[in-house]
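Next up: a single chain in C-alpha cells, the form predicted alone.
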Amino acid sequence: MHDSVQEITKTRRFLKERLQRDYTTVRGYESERNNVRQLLQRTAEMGESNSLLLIGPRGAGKTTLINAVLTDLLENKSFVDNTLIVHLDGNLHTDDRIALKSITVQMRLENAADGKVFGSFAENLAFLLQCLKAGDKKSKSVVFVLEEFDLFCTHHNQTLLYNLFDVSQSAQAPICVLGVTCRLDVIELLEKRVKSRFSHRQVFLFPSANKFEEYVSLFQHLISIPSSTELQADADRIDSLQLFKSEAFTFQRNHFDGVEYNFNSKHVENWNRNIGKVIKTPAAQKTLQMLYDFDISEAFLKTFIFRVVAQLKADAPHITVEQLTALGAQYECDDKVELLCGLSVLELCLLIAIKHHSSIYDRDPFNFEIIFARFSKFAKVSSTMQGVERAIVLKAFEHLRIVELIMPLSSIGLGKVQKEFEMHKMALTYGQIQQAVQRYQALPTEVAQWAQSSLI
C-alpha cells in the first residue's frame, strides 16, 4: 500500500513538472521550424545577415519553437563556437536605454564589467554599432531574439530597431534579428525608415483547427508516463543545453529532466492502460471535443491536464471520466448566468419583465417606468412580490445597471433626463435569463411560471 502511494505521488510530480518545465518540445510546425533553423544556420555558417518575424496567437508555441531550434543547433559545433545569442523582452526592456545595457552585458563588450555598463546611451549605441561594423562575414554572428516585438515599436523613434535592421542590411558583422509577437498588424507599427530596412520575412504559427484526432492523441501523450528509453532519449537531447552560454536565456537552467524518475514497470502499464480506457469513453471524447472547440492551443490543454493531475491522491489514484467531465463543465458555464443566480428575486423579476418587454416590442429600448408598470401588473397577482415599494424597485433597477446587465443607450446628457426615464438596452440573451430561472435556488413557482409566459 505504501509503495502504491509513493508511485502516485511520483506520478503526479512527474506529470506536473513535465507540463510546466518542458521548454523545448514543439509539436507540429515542421516547415516553420525548418525555416527558422535554416535562417540561423546560414547566419552562423555563411555569415548572412537576416531578420524574421514570428507571428501567432498567445500559447501557439512561438517561444518554444525558437527554444527547440536553438536546442537542435547546439549539436552543431560551428554554431556553438561562432554564435552569440542576445535575448530581449519588451516587457522587461521598456526603453532603448535599458535594452542597450542588456545587449552590452550579454555580448560581453569592453564597456561592460561585472554586469555594469559605463557611458551614456549615445556612447553605448555608438560603441555597439562600431563593434558590429568593425566585423565582417568571418566575425562571430549575433542572434537577437526580441520577445514581445510590438512593444519595442513603441520606443522613442524606434532607434534600437532602426540600427539593428540597418546592420542586418549591410555587409558588416553577421546578425540575425528574430522578432516574436502576437500582433498581426505589427509591420504597420514600424516607422517608414525602419520598415524599409526590414526583410519582410514573416512566419505565421496558427494551431491546426481541423485535426481533432491529433488533439486527442496529444492529450493521451501528455497524461501518459513514457517508457525509460523515451525518457533517456529526451535526457540526451537536454544534456546539450549545458553548451548554452547565454545568461539571458534561462530555460536551460530549470529544464525538466525525466531521468531522475524511476517508475515501477507494472504501475506504468496500469496507468497507461487506464488512460487509454478513459479516453475511449464517449463522455471523455465529448469533453475533449468541447475543449477543442473552446481553445485549440497546446498551452490551454496543458493547463487543463495540470488541473486534472492535481486531483490525484492516495484515495483517488486514477484519473476518471467523471473528473474530466466535471472540470470540462467549468469551461462551459456562462459567467453571466452565474451572476444572475446571485441576484435577489426582485432583481430577477425585473429582468423577466425586461425580457417580456423586449420580446413583445422586438428589443426596443426601455426605461424604469416601462419596466415598473409591467412588474406592478405581476406584483398585483403575486403573493411574493406584493407591497414592494417603488423606491426599492428603483434601487434594484439601478443595481442591474451597475453590474452591466442593462446598459444606458448613451452617456450624453445624463443630467438632463430623470433617471426613471433614461432609456436602456438589455445586455443579455433570452436563453441566459431562462437558464438562470431554471438554476435559481428556491425561486418562487409563480416567478418561474411568469418567466415562461408574459400573460398574467
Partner chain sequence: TRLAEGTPRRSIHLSNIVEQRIFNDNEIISTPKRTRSKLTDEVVDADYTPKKSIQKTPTRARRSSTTKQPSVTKQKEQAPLTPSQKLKKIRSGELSPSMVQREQPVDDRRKSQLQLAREQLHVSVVPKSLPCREKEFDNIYSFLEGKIQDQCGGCMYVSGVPGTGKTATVTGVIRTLQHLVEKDELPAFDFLEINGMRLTEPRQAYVQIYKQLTGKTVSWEHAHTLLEKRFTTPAPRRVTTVLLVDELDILCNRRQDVVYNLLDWPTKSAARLVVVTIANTMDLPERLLMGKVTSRLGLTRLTFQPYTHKQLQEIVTARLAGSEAFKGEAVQLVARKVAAVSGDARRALDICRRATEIADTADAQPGGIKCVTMLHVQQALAEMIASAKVQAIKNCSRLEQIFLQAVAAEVTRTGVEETTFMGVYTQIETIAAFMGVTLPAPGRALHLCSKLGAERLIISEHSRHDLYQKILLNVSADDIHYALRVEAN
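Quantities reported herein were computed from a predicted structural model and do not represent experimental measurements. Residue numbers count along the first chain shown, from 1. Note that the rigid core is defined as the largest set of C-alphas that superpose within 1.5 Å between two forms.
Absent from the display: the form predicted in complex with the partner chain. The rest refers to it.
Proximity of V393 to the partner chain in the predicted complex: non-hydrogen atoms within 4.5 Å are absent; the residue sits far from the partner.
Looking at P207, you'd find a heavy atom of it within 4.5 angstroms of the partner chain in the predicted complex. At least one heavy atom of R58 is located within 4.5 Å of the partner chain in the predicted complex.
Residue contact check for M426: one or more of its heavy atoms lie within 4.5 Å of the partner chain in the predicted complex. When you look in the predicted complex, the only residue of K302, K336, H255, K355 with a non-hydrogen atom within 4.5 Å of the partner chain is K336.
The single contact residue among D239, D81, E230, E269, judged by any heavy atom lying within 4.5 Å of the partner chain in the predicted complex, is D81. None of 276 to 284, 373 to 381, 213 to 221, 327 to 335 except one has non-hydrogen atoms within 4.5 angstroms of the partner chain in the predicted complex; the exception is 327 to 335. Residue R363 is the only member of 351 to 365 with a non-hydrogen atom no more than 4.5 angstroms from the partner chain in the predicted complex. Put the two forms on the same core and the Cα of L405 is off by 2 Å or more between the shown form and the other one.
Relative to the superposed rigid core, the position of the CA of F366 differs between the shown form and the other one by 2 Å or more.
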